[in-house]
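Take a look at this one chain, the form predicted on its own, written out in structure tokens.
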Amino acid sequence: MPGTADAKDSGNLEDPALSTQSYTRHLERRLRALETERQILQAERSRLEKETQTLRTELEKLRQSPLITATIIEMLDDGRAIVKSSTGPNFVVHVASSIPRERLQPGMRVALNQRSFAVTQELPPSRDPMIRAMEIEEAPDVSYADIGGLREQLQEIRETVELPLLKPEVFETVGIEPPRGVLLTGPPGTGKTLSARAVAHETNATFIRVIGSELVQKFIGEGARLVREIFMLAKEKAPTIIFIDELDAVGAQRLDIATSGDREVQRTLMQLLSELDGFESRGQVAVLGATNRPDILDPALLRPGRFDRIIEFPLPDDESRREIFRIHLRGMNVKESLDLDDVVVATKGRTGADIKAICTEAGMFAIRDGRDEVTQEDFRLAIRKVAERQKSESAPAGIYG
């Protein structure tokens, strides 16, 4: 039938409009995909160009001639400078216009061009690695609550060290200058260094810890240089607390008859005296010293204006020993029947360090017997053991021997 054949032929033919629309959508999808790919390639190209530029800059820096370090001796009126180079001789050199003249001072470290010897850069002051190691970055974990029986001593330390750094306006209102230094004296183990660690924990000031023997150097002038750089660092990082432990190692009394080594120690001491009471103001820099041999210290250290306050750390009395025991027993698993008063009486004449050793030994006796509680008998054995150990050791000579 003719009508039926025409219908079949028309069903096999596609609509031209639908075919064109489908092809257009296909091209649009393809165009979006190419645009996305173009953006990705463009971003990658930009990244590679930046990386190439960075490498070229680094390569140019590596190709540059090395600079010579020098120290400015004097600034001339015409803008030039007299410098002492690290190679030895002095030079009169020009200064780059990019460096303000008022910022260049005698004694300042600068960098010189290798060919023209012109001053091209300012350099930071040199710092001995030993000085950098003395600065305590993280505050110790000892607080005032961890110290027992030293209420008066801690009160004086807080008044003379913390208060001038945290509330200097109080001294300005009263019209007095805060104490310039504090000296802690007393037998070993009475809490001098522990108190200094607590001060470092409680204040936000920079804390620099120095051992007196570290200032004793082999070559002439090295010890004095270390002292000078310590105080320079303290002024830069003010407010600062400088704690000099074992001060007697460098501050012993000067003698008329001395060897070359003794004279070098005396030079270091004179530099320390100059820094403690020099022409320049120290600003917010507090000095804290500690020694168990105040009898051999040089009188110049003890006079007012250097160490204005001398705080004595005595052997703890009964109440102080009870407080110290309570501090150490806070984390210990002790039997409820423990008679603390009996332990306190049995440790008469012992220092805080001795009490800590007794608590440790008592815990070790409990561990040895396989128990998880410390008993009265453990403390009795620990007190006897610490006493016998101290008797076997030779007693230290000196005022607190």
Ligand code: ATP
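For clarity, every value in this text was computed on a predicted model and none was experimentally measured. In case it trips you up, residue 1 is the first one in the sequence shown, and so on.
FYI, the form predicted in complex with adenosine-5'-triphosphate (ATP) isn't displayed, but the following is about it.
Chemist: Within 4.5 Å of adenosine-5'-triphosphate (ATP) in the predicted complex, do 192, 328 and 356 each have at least one heavy atom?
Modeler: Judged in the predicted complex, 192, 328 and 356 all sit within 4.5 Å of adenosine-5'-triphosphate (ATP).
Chemist: Just to be sure I understand the contacts: of 226, 157, 288, 324, which is the one whose heavy atoms reach within 4.5 angstroms of adenosine-5'-triphosphate (ATP) in the predicted complex?
Modeler: Selected option: 324.
Chemist: Can you pick out, from 140, 212, 294, 148, the residue that has a heavy atom within 4.5 Å of adenosine-5'-triphosphate (ATP) in the predicted complex?
Modeler: Checking each option against adenosine-5'-triphosphate (ATP) in the predicted complex, the one that comes within 4.5 Å is 148.
Chemist: Pick the stretch from 87-95, 103-111, 183-191, 199-207 whose residues have a heavy atom within 4.5 Å of adenosine-5'-triphosphate (ATP) in the predicted complex.
Modeler: This holds for exactly one stretch, 183-191.
Chemist: So in the predicted complex, does any heavy atom of residue 162 sit within 4.5 Å of adenosine-5'-triphosphate (ATP)?
Modeler: So residue 162 does not count as contacting adenosine-5'-triphosphate (ATP).
Chemist: Taking 4.5 angstroms as the cut-off for heavy atoms, does residue 245 touch adenosine-5'-triphosphate (ATP) in the predicted complex?
Modeler: Contact check for residue 245: yes, within 4.5 Å of adenosine-5'-triphosphate (ATP) in the predicted complex.
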